[in-house]
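Below you'll find only one chain, the form predicted alone, shown as structure tokens.
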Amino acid sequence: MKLTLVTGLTGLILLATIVELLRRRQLREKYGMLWLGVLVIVIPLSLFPRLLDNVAELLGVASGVSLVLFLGIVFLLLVCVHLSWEVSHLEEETRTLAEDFALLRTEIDADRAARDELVRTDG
């Protein structure tokens, strides 16, 4: 009973934290919705742990704890793959922006040199 209460309270605290981060715009909506979806599943299962045992039995898993650990690991692996994809995309975008910036700087330097040359020849 004590673990059920602690787990339920932890889920509710995480829910409030996610909502607050979304409200302050410190967490993007797509990630907020992901975590809210997880909490919608976790909170009821934490308050009614026997439901998990029933689901594990239906899936042929030895216990609800084994099912939670397996699903948790799979979920975290999927999050890692997604975040790796996001980082790769941002690295490519950063490289492209740096190249564009270098081209613009070269163009500005060339324009300044041409202007300085024009001023010297007119002066």
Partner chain sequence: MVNGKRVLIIIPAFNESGSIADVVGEVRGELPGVDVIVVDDGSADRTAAVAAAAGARVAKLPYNLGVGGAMRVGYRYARDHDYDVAIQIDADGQHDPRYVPKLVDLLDETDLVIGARFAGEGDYNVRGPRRWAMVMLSGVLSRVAHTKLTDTTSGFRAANRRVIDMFAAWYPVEYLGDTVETLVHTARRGYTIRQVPVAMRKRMAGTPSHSPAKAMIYLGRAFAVLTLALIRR
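Residue numbers count along the first chain shown, from 1. Small disclaimer: the values here were computed from a predicted structure and weren't measured.
Below, we refer to the form predicted together with the partner chain, which is not included among the displayed structures.
When you look in the predicted complex, the only residue of L78, L69, L51, M33 with a non-hydrogen atom within 4.5 Å of the partner chain is M33.
Comparing 22-30, 42-50, 78-86, 58-66 against the partner chain in the predicted complex, the single stretch with non-hydrogen atoms within 4.5 angstroms of it is 22-30. The partner chain is not drawn, but in the predicted complex it has no heavy atom within 4.5 Å of I73. At a distance threshold of 4.5 angstroms between non-hydrogen atoms, D100 is in contact with the partner chain in the predicted complex.
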